[in-house]
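Next up is one chain by itself, shown in structure tokens, the form predicted alone.
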């Protein structure tokens, strides 16, 4: 596949120079860009409940190993839930269900949703469960909430996600674990001494959480580098896009647009009130960094990759009828969504390319109808590769069984308040940030339809259409 893509996609509509021009143009476009007034139909369907996003919040997203380093995952999740309760004022017993996403599980809180909910003061009669789907875990939490409401099981569900990379579980080696379990079962002193005597130095080597795909034994960063090469994405394009992300995020942060962030008083430390990974640099400084995965000739570096992040998010999802009855003014309708999966080796990070046309067709929309795009930025190379694939008839015909390309999102509508490269990417929490950002941008910019899309480990992906609530 790689060699075919190299020759065919380099001649696709989105060239390296054009991609840089798109990024540069978006920097000069105000984030207050008003969407052109259009007469668009609502996506409401007869006989189907309208399900709305009432509110969305998140803790500040911080670089792992910084201010949150002494906490645990449920501490962050609890803070997000408490922030949601404070902002909405919803009675704690009015929430019917809680669903949270998480990727790397803390063994002491395997169902972090339940522990965080109890810690936040929700009723102990409110069920809660945790889901995992790599980087789209909180997307799965939200669509689980949508399903519960659509099925008539619930009227109000809190969904969210959390990730805590400052303290990941590190295990003993398998041989050491087997020895320790056997020691626990040994009935005599002789048996215990024999087992202790069998321990070798090599048994003490720890096992870190897997950072590679089990099916391919390849890290996501290595896969992103190969994907960028296959699509002819240059180092320059990647650094330019990463700089764009940080620059726009800084502008949004300084302009007070990141209103989903709620302050968090870290015990024994200061109150944290903003993300700390937003660091606009220069192209010259970024160019000095060496490849992080494919050495020495790779193009993916620390500067054009998302960083390990601690953070949590939470959203309140309700039936429109229930929300209005309780006096809420919803932010947006949650409309059609899809999940996709494809080859985890050569197409690991192409989820947005596969999911976008499917969800648009499901909604009866085209790319031209979308006013706001929010795509998860795992790597700058991953984003640029997806944009090139979306702009290629050849890719659509050869790999997706489609007659034509879906089209490339206009950069003046794309991630204009920054993205995961700059704001941070707590694996389990990013989905809620994407959806809340779309709702806020639609309100700010006067648009009607927004599109969220994301890739995930395992070659999976997700997309959702969001419709602005009438103001």
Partner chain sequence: MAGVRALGSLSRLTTRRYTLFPGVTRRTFKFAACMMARTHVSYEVKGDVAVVRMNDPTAKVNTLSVQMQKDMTEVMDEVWGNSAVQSVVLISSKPGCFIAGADISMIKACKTAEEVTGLSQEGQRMFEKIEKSPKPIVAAINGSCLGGGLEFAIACQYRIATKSKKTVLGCPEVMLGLLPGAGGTQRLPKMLGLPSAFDVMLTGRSIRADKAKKMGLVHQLVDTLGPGLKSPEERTIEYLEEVAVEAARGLAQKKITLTKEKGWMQKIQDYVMSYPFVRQQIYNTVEKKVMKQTKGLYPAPLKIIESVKAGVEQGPTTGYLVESQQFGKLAMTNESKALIGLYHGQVACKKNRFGTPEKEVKTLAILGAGLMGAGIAQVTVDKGIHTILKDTTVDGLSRGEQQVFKGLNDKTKKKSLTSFERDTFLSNLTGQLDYNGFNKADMIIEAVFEDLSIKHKVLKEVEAVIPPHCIFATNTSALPIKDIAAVSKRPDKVVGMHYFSPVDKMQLLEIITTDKTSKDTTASAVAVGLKQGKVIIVVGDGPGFYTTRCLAPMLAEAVRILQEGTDPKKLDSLTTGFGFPVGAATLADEVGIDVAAHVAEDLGKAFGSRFGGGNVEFLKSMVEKGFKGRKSGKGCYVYQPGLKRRDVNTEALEILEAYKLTPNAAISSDSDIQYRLVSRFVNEAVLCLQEGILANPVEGDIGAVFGLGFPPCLGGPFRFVDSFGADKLVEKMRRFEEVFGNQFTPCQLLLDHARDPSKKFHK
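The structure displayed is predicted, hence computed values, not measured ones. Positions refer to the first chain, counted from 1.
Omitted from view is the form predicted in complex with the partner chain, to which the following refers.
J.: Heavy atoms, 4.5 Å, the partner chain in the predicted complex: which of 87 to 95, 390 to 398, 180 to 188, 198 to 206 makes the cut? Say which one.
T.: Contact-bearing stretch, as computed: 390 to 398.
J.: Classify residue 170 as contacting or not contacting the partner chain in the predicted complex by the rule of any non-hydrogen atom within 4.5 angstroms, answering yes or no.
T.: Looking in the predicted complex, residue contacts with the partner chain do not include residue 170, since no heavy atom lies within 4.5 Å.
J.: Would you check, heavy atoms only and a 4.5 Å threshold, whether residue 214 touches the partner chain in the predicted complex?
T.: Within the cut-off, so yes.
J.: Taking any heavy atom pair closer than or equal to 4.5 Å as contact, tell me whether residue 294 reaches the partner chain in the predicted complex.
T.: Although the partner chain is absent here, residue 294 would touch it in the predicted complex, with heavy atoms inside 4.5 Å.
J.: Check residue 347 for me: does it contact the partner chain in the predicted complex (non-hydrogen atoms, 4.5 angstroms)?
T.: Yes.
J.: Just one of 232, 330, 357, 83 has a heavy atom within 4.5 Å of the partner chain in the predicted complex. Which one?
T.: Exactly one listed residue reaches within 4.5 Å, namely 232.
J.: Of 322, 246, 226, 335, which one comes within 4.5 Å of the partner chain in the predicted complex, counting heavy atoms only?
T.: Result of the distance check: 226.
J.: Hey, which residues along 56 to 90 are within 4.5 angstroms of the partner chain in the predicted complex, non-hydrogen atoms only?
T.: Nothing in this stretch is in contact.
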